[in-house]
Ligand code: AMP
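Form predicted alone, single chain, as structure tokens, below.
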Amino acid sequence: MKPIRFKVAFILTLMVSGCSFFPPSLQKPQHPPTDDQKPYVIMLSMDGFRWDYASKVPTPNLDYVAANGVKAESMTPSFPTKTFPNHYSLATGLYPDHHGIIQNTFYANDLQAGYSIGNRDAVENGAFYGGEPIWVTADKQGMKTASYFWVGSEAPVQGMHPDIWKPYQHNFPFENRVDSVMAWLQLPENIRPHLITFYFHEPDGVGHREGPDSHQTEEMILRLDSLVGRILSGLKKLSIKDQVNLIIVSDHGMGPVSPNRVVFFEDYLKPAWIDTFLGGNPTYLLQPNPGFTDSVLNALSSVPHMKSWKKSAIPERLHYGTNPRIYDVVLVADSAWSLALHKGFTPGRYSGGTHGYDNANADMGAIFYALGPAFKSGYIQPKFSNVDVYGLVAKILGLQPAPYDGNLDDVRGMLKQP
């Protein structure tokens, strides 16, 4: 395993005092908070944790967070409801169309290079990542940050990594990740991160293999809840426990699929029409050969159990289609259906569960829980978009956010001091 990466940046910050009803001569001297007085935010993502999973099995630790903090009815992921686009939307407050991670797998015409989640050179190449992730915002304003496997943290975005970061190791135990986070929160004040993002790849894995309604998925939810308990126990032992805000999110939900519900493109499209297919079930990007875009769209217009759009005609609510990395035709299966190029496929590949559907699909809904001094107690947050999270975290940490697509007004109601 590679060592933790540290970097040190010396950034001058300008602190501006707030407004007062008293004239300057009668005001008390204004002193910016010292590092040990500033708030902390820890944000954990549990990949593929559907909004309703916690209602299926006992989750006493998530219930504790909800009772003493905030729980959202649901959090709406960005389209496409895939892992990499949505983790980077959570980090930047931008839709995938605007930050450039438009799919788990895509070709960047602007870079003349391909991107896929298994390509380490691409994942670690900052040129693929647009926008400003929250750790870069913090770094620019003199705040220390750390990240454990969050999408984008391994790349020098705008030339910057988090102050502490780790190369992704899929099988690194979740318990060890928690323990590392607790250790980071006990570092000396001058290098202690005030923002930490970290990641668990479950229950996404078991949801794909066994399906969202399986007993194996329920068992994983029990395990993850116990890990939330481990986090809560660790936080209570810290000297800074009264300054720490814990946020728990997911990137998307999970829907059931079946080999009996698959659309095969070979039944409708001629090979001569197609240049490139990219993406992954149930969402694909298709680049027709020159002169064949209308042929493709006409052939697919009446195909049941799926939608196809010319990228310029994608519904506005999906906030998708203006990025030059998106191919001319976008395809997405209807809920619980799959898309396949041809019939020579492995049936097991379309069993269990998947995600990537229209974000209006209720099964794609994600979770949001929060607990700490910034948050109200026992508050139920109405459904909101995941692009609001960036601005919320910036607000809690006292950071000036970069331009983003979210709206703080949609989520400020969960804060004690909105």
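Note that residue numbering begins at 1 and tracks the sequence as displayed. Model, not experiment: these values are computed from the prediction.
Just so you know, the form predicted together with ligand AMP exists too; it's not on screen, but the next bit is about it.
Visitor: At the 4.5 Å heavy atom threshold, is Asp358 in contact with ligand AMP in the predicted bound form?
Guide: Contact with ligand AMP, no.
Visitor: Though only this chain appears here, would His208 touch ligand AMP in the predicted bound form if you measure heavy atom gaps against 4.5 Å?
Guide: So His208 counts as contacting ligand AMP.
Visitor: Should Val151 be classed as touching ligand AMP in the predicted bound form when contacts are defined as heavy atoms within 4.5 Å?
Guide: It does: once ligand AMP is placed as it appears in the predicted bound form, Val151 has a heavy atom within 4.5 Å of it.
Visitor: Is there a non-hydrogen atom of Ala113 within 4.5 angstroms of a non-hydrogen atom of ligand AMP in the predicted bound form?
Guide: No, Ala113 sits far enough from ligand AMP in the predicted bound form that none of its heavy atoms falls within 4.5 Å.
Visitor: Using a 4.5 Å heavy atom cut-off, which of 300-308, 137-145, 151-159, 223-231 contacts ligand AMP in the predicted bound form?
Guide: After filtering at 4.5 Å, what remains is 151-159.
Visitor: State the residue from Ile117, Leu187, Ile240, Ile274 whose non-hydrogen atoms include one within 4.5 Å of ligand AMP in the predicted bound form.
Guide: The residue from Ile117, Leu187, Ile240, Ile274 that makes the contact is Ile117.
Visitor: Going by heavy atom distances of 4.5 angstroms or less, which of Asp204, Asp97, Asp163, Glu132 would be at the interface with ligand AMP in the predicted bound form?
Guide: In short, Asp204.
Visitor: Taking Phe84, His170 and Tyr199 as a possible spot, do all three reach ligand AMP in the predicted bound form with a heavy atom inside 4.5 Å?
Guide: Yes, all three are in contact.
Visitor: Do any residues of 91-105 have a non-hydrogen atom within 4.5 angstroms of ligand AMP in the predicted bound form? If so, which ones, in sequence order?
Guide: Residue within 4.5 Å: Asn104, and no other.
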